[in-house]
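So this one's two forms of a single chain, laid out as structure tokens and tagged structure 1 and structure 2.
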Structure 1
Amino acid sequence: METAQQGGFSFDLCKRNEFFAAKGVQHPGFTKTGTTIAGLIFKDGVVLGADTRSTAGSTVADKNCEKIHFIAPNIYCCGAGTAADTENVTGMVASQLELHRYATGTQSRVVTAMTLLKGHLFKYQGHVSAALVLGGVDFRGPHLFTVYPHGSTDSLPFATMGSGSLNAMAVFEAGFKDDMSREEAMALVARAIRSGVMNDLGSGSNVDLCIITKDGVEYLRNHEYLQTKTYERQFPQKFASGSVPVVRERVYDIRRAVQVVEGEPMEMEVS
């Protein structure tokens, strides 16, 4: 019997893949962001933080990636887990919220984003591996949530996720106070991320921060740049011009095929 496709992923190939796996076929892996992400609520809003290392197995795939994703002008979300899942799930929710704002003409609420995220993640029973720290400020005030890959959520005053979550949580447990100032909060989140960067092999490179208050957002990309290369070659390899032999040379005169016409700049409607 044919059943109508209800949307979402097709799991038709799971049986086939199991068969292949039993025969010893290796399947390609995913880029997992072994990660430290964290957030906390302070007096005027929310501070989110993330490291910038992305790993594929034991190699560093990206030394400076962005893990704090845009959800709405007043809401941002840190992502850990499979890079593709965190990027797409936050993108989908961001787009749904934007349409919702056009329909209602009101600011998005953090709980709405959280509900959309958990709904999606629960539907996929943990197969969408996104572990998120969602933070924002709406008319009810600052909010901070953790969202787990299976769709459970917590509302917390301070939260951490990713492979460096224990390192970061240790710092939060030692240093968190209610109603911190903006500077105190930024310093504590940066210290929590730094703890993950230094002590967790899945996390590394730089510290990104995002501070959300009712008056606006400050996204501090590479707020802390921790370490540069420790050694420069004294005898660097120099390839002299002509090191590579030219096997064949062909010169095209594109002016015979292409005609370049100067035009007037177009008026663009900006409103």
Structure 2
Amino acid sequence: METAQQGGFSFDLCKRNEFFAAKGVQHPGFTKTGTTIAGLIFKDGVVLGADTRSTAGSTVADKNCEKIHFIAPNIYCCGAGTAADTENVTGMVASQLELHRYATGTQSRVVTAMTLLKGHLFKYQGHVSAALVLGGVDFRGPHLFTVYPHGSTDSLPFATMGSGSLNAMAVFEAGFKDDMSREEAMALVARAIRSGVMNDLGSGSNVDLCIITKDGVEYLRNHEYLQTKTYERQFPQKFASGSVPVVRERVYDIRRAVQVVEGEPMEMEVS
């Protein structure tokens, strides 16, 4: 007799995973972004920033990944946590907002994106590892939200998330002021991300910035290179004559060691 399907979260896969773990089966790992992400509101809009290091355990999986995700033409979102979760959650909300724009013919609102994100994350009770900093500008002005993996949200003039968030927050609390100019806001966000990169092992590589105003979006990919190589090896490597000492030298006369004999040409069968 079949039982009626009831609503709620299904724990069948959790029980399966516990069974395999008890048998000694190792589950495949996932890539976590480590991450320092930040954002602040300035006089004309919002500036978002992120580092570019992605880690898998103690290994750097990607030195130049993108952590600032597109949500709408006037809304972008920084993601910290599991890379797959942040990319897919932001992509899902972006597609929903695009359909909403087609249906209504109006610009997407930042609070709508925030509501979709928090509703999806709350449904999974923190099992979707996505900590987000959402920023954008709509007809009501600039907005900045933080969305936690369990679905709670904050609306703040400046915000940080990720493993390097405390370092970035210290920079914001010391340097933030109301009605900052575009250049001041960009410099402060970049300095906050640098603080996370230099003091947090899960953050590293470069600094990405995204500036959103009512006039449009400027995405500055690799705005700052923090760990560039000071020396680039050239191929093939060329050494100047006399730069390397000669330890031992042998000279062979090929003409005496090898005897070349001319033979008769042979016909090749082609049938």
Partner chain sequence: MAAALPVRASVPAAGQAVKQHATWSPYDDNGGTVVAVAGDDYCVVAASTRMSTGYSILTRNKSKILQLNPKCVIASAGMQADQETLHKVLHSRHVTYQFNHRKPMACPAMAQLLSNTLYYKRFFPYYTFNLCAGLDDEGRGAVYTYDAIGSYERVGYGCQGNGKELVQPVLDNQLKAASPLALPPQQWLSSLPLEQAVDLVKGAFVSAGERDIYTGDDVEILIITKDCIKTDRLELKRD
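Counting starts at 1 and follows the sequence of structure 1. The term rigid core refers to the most C-alpha atoms you can superpose between the two forms while keeping them within 1.5 Å. Model, not experiment: these values are computed from the prediction.
Working note: structure 1 is the copy from the form predicted together with the partner chain; the remaining copy is not. If you fit the rigid core between structures 1 and 2, you'll see the Cα of Gln237 move by 2 angstroms or more. Core-based alignment between structures 1 and 2 gives a C-alpha movement of 41.5 Å at Ile254.
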